[in-house]
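Only one chain comes next, encoded as C-alpha cells, the form predicted alone.
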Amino acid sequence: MLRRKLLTVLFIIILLPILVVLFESVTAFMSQKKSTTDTAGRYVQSLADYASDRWNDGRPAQINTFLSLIADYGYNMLISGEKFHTQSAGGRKASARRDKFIPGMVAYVTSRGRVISSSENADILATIFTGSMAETSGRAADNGNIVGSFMFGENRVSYVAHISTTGNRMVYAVAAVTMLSWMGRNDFNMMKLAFAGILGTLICLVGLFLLRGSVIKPLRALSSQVETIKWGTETPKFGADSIFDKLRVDEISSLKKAVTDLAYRMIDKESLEKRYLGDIIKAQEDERGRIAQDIHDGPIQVVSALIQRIQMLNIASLGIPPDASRQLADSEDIAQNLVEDLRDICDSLVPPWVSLGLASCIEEASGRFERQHSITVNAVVNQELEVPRETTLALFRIFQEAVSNAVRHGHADTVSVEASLRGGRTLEFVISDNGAGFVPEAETPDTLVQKGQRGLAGMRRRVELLGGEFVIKSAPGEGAEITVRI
C-alpha cells in the first residue's frame, strides 16, 4: 500500500516543510507588522497630543517652530526624489534637512478638512482626516489610531495616523508617520525580505502544485489506465489536453507512448491469435467433414452392400433350416444398426441440422444426446432467435462437449439447456447439469490444454472467437453451469 502511494507520500514530505516555513514567515511578518504599527501608533498619538497642547498654548511662533522641526523623510523622498547623506566629506554631519529631527507629519485641520498650518509636505493629512471622519464614524473623537495607505504615483504608502482634539472644537491636530520613515531603511528592508520570503514560499507551493499536475497526476492516470485496460481489445485514453500537458515531463510522455504502443501490439497479437484459432477450428471442421465423407463413402457403403447381399441370400435360399434363417436375419439387423451408428457418427461430425437454425439444431441434438447417453435433456430455446450459422455451429459444439463432460466426468443423468435474448441484444446460452461438479479455475485456454482439459479450452476459444463471454459456475456435489453471452 505504501508503494502504491509513494508519490503522494513524497509530495507531502516536500510540502510539509514549505508549509511550516510559510506559516512561520507569515506569523513573523504579521507579528513584526503589528509590533511596528503599535509602536508607531503610540508615537503618533503622543505627537498629536503634543501638537494639540501647542495649539492650546496659543503661540503662533512656537507652533511654527514646532512644525518646522518635523519631516517624514520617506514620504518627502518620494515627493522630491532627494537622497539624504548623513556625513560630509569633512567629517561633519551635514544634511539637506539637518534641522528636521522629529519624524512624521503634523497638520492642524478644521472640521471641514481645511489645513490651517502643517509641517513639510503634510497636506495629505487633510485627506486622511476627511476620509477617517467619513469612514470611521467618529473614530477621531475617540482619539483612536488610524492605519491605512494611499497611492502616490505608482507607490502605495502605508501610514499610521492619530487625530487629537484641541481646545477649539473646530480644529483638530492630526499627526501621521509613514512606514518608510518610521521603520528606517534597515527595518524596512527586513520587512521587504520577509515579504520576499513569503512570496518565494508561495512560488514553491505553486511549483509543487505544477509538479503534482505534471508528474504525480499523470502517473496516477497512467497507473489507472494500465490497471483497468482490457489488453488486446482496448487502447489507453489519457483524456483531453489540459494546462498540465504543456508542462509535460518527457519521461512520462515516453511512458505513455510505450503503454500505447504495447496496447496496439496486444491488439495485433490478439487479432493474429484469433485468426490462427479460427483457422485451426476451420481446419478441424474441414477434417470432420472429410472424415464424415470418408465414412459415408466407405464403411457405410460397404455395410449397405453387405445388407443387400444378406437380403438377396434370404430371397434365394428358401427352404433353408430355421436356424440359418434366423442367423441371416440377425446379421441383417446387426448390419442395419451399424449403418445407423455410422450415420450418427457422421451427423455428429457434420451436423446437417445446423442450417435449420439454433432452435431446431438444439432440439434435434437434445433428442440424439438422450438416445446416445441414456439421459434426460431439457431444452428451452426461443424459436424466434436468428443466429448466424457460424454461431449456431459454435454453440452446438459447446453443447456437445458440455453434455459429454457431464456424462463422463460428472455422471449426470439430467442436462438442461436454455437460449434466450437478454436486453434485446445479448444472446445468453446456458447449460446446466446435476452431476458431481468440480472446482473451476480461472485459466486461459493455453493453460487448460497443458492440464489436459482440451474440452474446456475448446469451448473458451470458440466463445473468444465470437467476441463473447464464457463463465463456469460449479462446486463439488452441486453440478455445473456454463453460461455463454454473445
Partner chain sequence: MPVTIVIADDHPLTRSGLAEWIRKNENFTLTGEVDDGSSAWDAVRELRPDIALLDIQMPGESGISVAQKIKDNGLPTRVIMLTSFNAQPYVMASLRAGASGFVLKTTAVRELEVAIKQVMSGGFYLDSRVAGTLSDRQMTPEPLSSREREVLLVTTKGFSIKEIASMLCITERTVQAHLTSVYAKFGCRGKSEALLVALRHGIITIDELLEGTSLDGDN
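Note that the structure is a prediction, hence the values are computed from the model and not measured. Numbering follows the first chain given and starts at 1.
Although it is not shown, the form predicted in complex with its partner chain is what the next lines describe.
Its partner chain is absent from this chain, but in the predicted bound form, do S304, S366 and E384 each have a non-hydrogen atom within 4.5 Å of it?
Result yes, every residue of the spot touches its partner chain.
What stretch, of 257-265, 229-237, 329-337, 113-121, brings heavy atoms to within 4.5 Å of its partner chain in the predicted bound form?
Heavy-atom contact with the partner occurs in 329-337.
Considering its partner chain in the predicted bound form, which of L356, V147, A221, I281 comes within 4.5 Å of it through any heavy atom?
Going through each option in turn, the one that passes is L356.
V377, I128, V403, A71: which sits within 4.5 Å of its partner chain in the predicted bound form by any heavy atom?
Only one listed residue qualifies here, and that residue is V377.
Do I300 and its partner chain share at least one heavy atom pair within 4.5 Å in the predicted bound form?
Yes - in the predicted bound form, heavy atoms of I300 and its partner chain come within 4.5 Å of each other.
With a cut-off of 4.5 Å between heavy atoms, is M312 one of the residues that contacts its partner chain in the predicted bound form?
Looking in the predicted bound form, residue contacts with its partner chain include M312, since a heavy atom lies within 4.5 Å.
Within a 4.5 Å heavy atom cut-off, is E370 in contact with its partner chain in the predicted bound form?
Judged by the heavy-atom cut-off of 4.5 Å, E370 is in contact with its partner chain in the predicted bound form.
Would Q293 count as a contact of its partner chain in the predicted bound form, using a 4.5 angstroms cut-off between non-hydrogen atoms?
Output for Q293 is yes: heavy atoms within 4.5 Å of its partner chain.
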